[in-house]
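Only one chain is given next, in structure tokens, and it is the form predicted alone.
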Amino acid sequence: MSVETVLADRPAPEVPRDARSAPLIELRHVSKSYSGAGGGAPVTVLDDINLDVRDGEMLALLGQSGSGKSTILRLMAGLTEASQGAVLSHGSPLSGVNRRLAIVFQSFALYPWLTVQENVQVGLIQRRLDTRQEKEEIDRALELIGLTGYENAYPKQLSGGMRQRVGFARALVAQPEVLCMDEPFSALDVLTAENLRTQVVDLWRGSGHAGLKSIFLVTHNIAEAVFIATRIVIISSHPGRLRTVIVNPLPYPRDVNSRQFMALVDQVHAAITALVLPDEPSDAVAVRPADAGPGRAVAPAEGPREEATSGISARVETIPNAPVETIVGLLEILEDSQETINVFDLSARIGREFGETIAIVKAAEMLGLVDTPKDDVVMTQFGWYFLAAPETARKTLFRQAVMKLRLFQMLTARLDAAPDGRVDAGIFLEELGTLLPYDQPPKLFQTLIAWGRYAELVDFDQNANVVYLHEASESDDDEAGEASP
């Protein structure tokens, strides 16, 4: 990508003289709530957010799915209003759409019936230029983004990376002072995403900013945030709250293999791990039973861990979207790693995003299969017993584990109470939306059914759209007696 100062001659939007020292965009004590499902209590998505976007910085907002990152972007853009607090532009309350801001979306958001040139032209609607000026602006942006020669191509004729470049060109011709990017690289393959990230940094550094004063990146990718941003803000979930701000002092160009880069990645990793997997004392951190070998099941020793997990949970807690096979795969990795593995090393080993890795670990922890002291993942004695058991016994043990979770207690109680043991899935989806308003009921329902099927506890008839209890056989009952520790 050429990074010549091809846009430097464009006038910046007028800013009142007394507001030049104010942040470009500022959220002051902002909260955002939505109406609950079925007229229920309001759901708070963001709580007391204080955040500013400053002139001359690339700011990254980092958090897991559902933390409200995109909602913050929409507030800054004036596409939604705060329930409480104030959104300011140059020190003044933002009214309507923020015309000093442009957005590059994750899903490309191109018009398939328009050519590249026509898609970019959409970004010029508010500037009211004549035909010659429009063509000059489009040509400059396409040259800057590396799309010269593709003016007459349609989106379906372009690769994912090229389509995302069209989104960048369309945003740039609007002459924003803040360029917002909502996970713009997550839909791209690894190599294309790496190349485009580098080009965005080069654009920022080499174009004299071309009237662009700040870049605001919404992401869940830690290495991406460290590679791009000068300041990293970490947000927690349910509801979204700002937890940690990390200044990135690394000079450009940044070497992803350098010791300093990796140290900062580890610092951000540790901050997120402390939020998602808080360290709690455990007296039964895993010690592999000496006689637990392949195919040999050994009952876990009694102790505080077993006592703690034997009770019935009264709190309704969501279930991470982690397939059973990935949970078992985690235990196998722990077996290979001699009882423990660092969560960052685990993420690298399985080739998953850190957020996905955390979800798998959290699922295993909820089931009592692992503990998470500090940044480590450690197999519990129950985990060793589960892994060493034959498949039929594993199912029984899994059933015992999930029945300690409140969601499964409620699900099976509802099915037991039904006259024919069958309940319409829509009823469960509605209840999930009420009980866990921050989650996506369809995804949570799919995980419940997948876990329930593996445990031979519940099943789902998709054609009839009903959930029903698994009919236990005599062999199930026999196996349950043999598997009980």
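The structure presented is a predicted model; accordingly, all values stated were derived computationally and were not measured. A residue's number is simply how far along the shown sequence it sits, counting from 1.
Separately, the form predicted in complex with a small molecule exists; it is not shown, and the next lines address it.
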| item | value |
| --- | --- |
| Proximity of Ser70 to the small molecule in the predicted complex, heavy atoms at 4.5 Å | yes |
| Any non-hydrogen atom of Val30 within 4.5 angstroms of the small molecule in the predicted complex | no |
| In the predicted complex, Gly66 touching the small molecule (heavy atom, 4.5 Å) | yes |
| Non-hydrogen atom contact Arg74 with the small molecule in the predicted complex at 4.5 angstroms | yes |
| Which of 58 to 66, 442 to 450, 456 to 464, 415 to 423 lines the interface with the small molecule in the predicted complex (heavy atom within 4.5 Å) | 58 to 66 |
